[in-house]
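We begin with a single chain expressed as structure tokens, specifically the form predicted alone.
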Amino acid sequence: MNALDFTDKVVLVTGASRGIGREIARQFAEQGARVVVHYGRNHSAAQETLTALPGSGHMTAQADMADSAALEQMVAEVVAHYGRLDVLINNAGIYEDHPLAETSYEAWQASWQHVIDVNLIGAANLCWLAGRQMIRQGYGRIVNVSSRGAFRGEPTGPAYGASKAGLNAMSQSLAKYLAPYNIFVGVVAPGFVETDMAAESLKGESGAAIRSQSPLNRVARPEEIAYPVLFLASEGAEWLTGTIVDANGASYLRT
């Protein structure tokens, strides 16, 4: 028996046009799911993801994560198309630097608002929209992609760290609330991952320093983050509801 069998399950993956999201979408499709490839602005990249997915029955869906009405319309279209929504993966997120001593008050406020709106409020809105549909179905799985930054701190991007800490707390609250409805919620918290978004940070001396944070002396590959996401969404992982999986190669350990 394949524990990661998602045959005919409808899976919405946010931020699936590249990086971790693209790999999550690919692995779900490989396991038989019908995948909704969400993107914010880059339609061509989302189309590349869609074209590369094995199997059939997949689609793209566009919505600004900070636009609650757009998210509502997207979920309504997914449900109208498939008749259901089985799995939500909140992977979309942004990072912005705003070091306190070097950032104006206006820029500080704007950066906080933008990051929280996308990373936390947008994810919360999708949890509500998907959660209501899952309650009607009597079945659902939600996996939110957080970050080790929620625990170790983000000195020059505190809004990012705070948004991910909020995502962790929200996920655990929803895990308690939604369990009686046969809906289970988990979190995967990666460290650095080999993606386009991290490419600049992973160059030169800074890259060597980042890689040395792990005893494996490297950063994660996208498929190493996608796997625990699929595992938490799988049949048999119900007892892990509310769990935060640290997927950071022992670069940051907590008790």
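One rule holds for the numbers: they count along the sequence shown, beginning at 1. Note that the structure is predicted; figures quoted are calculated from it, not measured.
Here the subject shifts to the form predicted in complex with a small molecule, a form of this protein not shown in this document.
Within this chain, E223 is remote from the site of the small molecule in the model of the complex, having no heavy atom within 4.5 Å. For G186, no non-hydrogen atom is located within 4.5 Å of the small molecule in the model of the complex, even though that partner is not displayed. For R18, a non-hydrogen atom is located within 4.5 Å of the small molecule in the model of the complex, even though that partner is not displayed.
With a 4.5 Å cutoff on heavy atoms, A70 does not count as touching the small molecule in the model of the complex; it lies far away. Taking V229, M65, A33, V36 one by one, only a single residue has any non-hydrogen atom within 4.5 Å of the small molecule in the model of the complex, and it is M65. Note on contacts: among L129, A92, A175, L120, the single residue with a heavy atom within 4.5 Å of the small molecule in the model of the complex is A92. Contact with the small molecule in the model of the complex, judged as any non-hydrogen atom within 4.5 angstroms, is confined among 74 to 82, 160 to 168, 96 to 104, 134 to 142 to 160 to 168.
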